[in-house]
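Let's start with one chain on its own, the form predicted on its own, as structure tokens.
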Amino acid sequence: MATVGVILAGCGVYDGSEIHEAVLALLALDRAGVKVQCLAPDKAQMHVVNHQSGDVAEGESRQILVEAARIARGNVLPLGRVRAEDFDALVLPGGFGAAKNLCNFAIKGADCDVDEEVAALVRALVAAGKPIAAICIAPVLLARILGSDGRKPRLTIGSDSTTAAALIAMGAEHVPCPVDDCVVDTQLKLVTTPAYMLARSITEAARGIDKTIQTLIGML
């Protein structure tokens, strides 16, 4: 049975993983009959956001790994304890946590830095020819990691021109894509989909995520 790692960035769209995207990906993977292992950095979030008001909760601090355990039902491993050899594929759900906690794209844009453990795992899977899926804003991680290596990954975040320009500036090729579809980089084995970059409902997000996971599984 194949094992797929899912990197979570906390819990909640504004400061962690987008919960709908994470759960839809986990459901699609489970339906595909693969073993899933959730992963997360063991460090503090960039900040905490009150998801009712949208305001930053000044003075509060939460751990990415602890918050990710809410989505993973407790079954989440620190990134520092795993190796690329443990997985046959990798999935990166979106949410602002991908751009705040897994990297600092939300602050620095195309000049962002990526968490060292995330970057190392992504590079190792690509080097081993193993597929990776990234959802919503998470393709910025692949753009920064692989673009820095001169790989020019073929990615999508949908149709937002500002974010697409940032991906291009990081060395990626951006391909516009509707919410119910995905973009495939056959050479690097990458699959990306816009999800809530474009989705107006959980049903719309699910269509693209289901297709993305099916495509990822087809690459195993």
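Worth saying up front: this structure is predicted, and the values here are computed from it rather than measured. Sequential numbering from 1, following the sequence displayed.
If you look for the form predicted in complex with another copy of the chain, you will not find it shown, but the lines that follow are about it.
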| task | Taking 4.5 Å between heavy atoms as the contact cutoff, choose which of Arg151, Arg70, Lys189, Arg154 touches another copy of the chain in the predicted bound form. | result | Arg70
| query | Do heavy atoms from each of Val23, Tyr196 and Asp210 fall within 4.5 Å of another copy of the chain in the predicted bound form? | reply | yes
| field | Touches another copy of the chain in the predicted bound form: Val66 (any heavy atom, 4.5 Å) | value | yes
| query | Should Val48 be counted as a contact of another copy of the chain in the predicted bound form, where contact means heavy atoms within 4.5 Å? | reply | yes
| request: Find out whether any non-hydrogen atom of Asp30 is located within 4.5 angstroms of another copy of the chain in the predicted bound form, and reply yes or no. | output: yes
| said: in the predicted bound form, is there a heavy atom of another copy of the chain that lies within 4.5 Å of any heavy atom of Val126, even though the partner is absent here? | reply: no
| Looking at 140-148, 115-123, 74-82, 100-108, which one sits within 4.5 Å of another copy of the chain in the predicted bound form if you count heavy atoms only? | 74-82
| Are there residues in 6-27 with a heavy atom within 4.5 Å of another copy of the chain in the predicted bound form, and which are they, in order? | Cys11, Gly12, Val13, Tyr14, Asp15, Glu18, Ile19, His20, Val23, Leu24, Leu26, Leu27
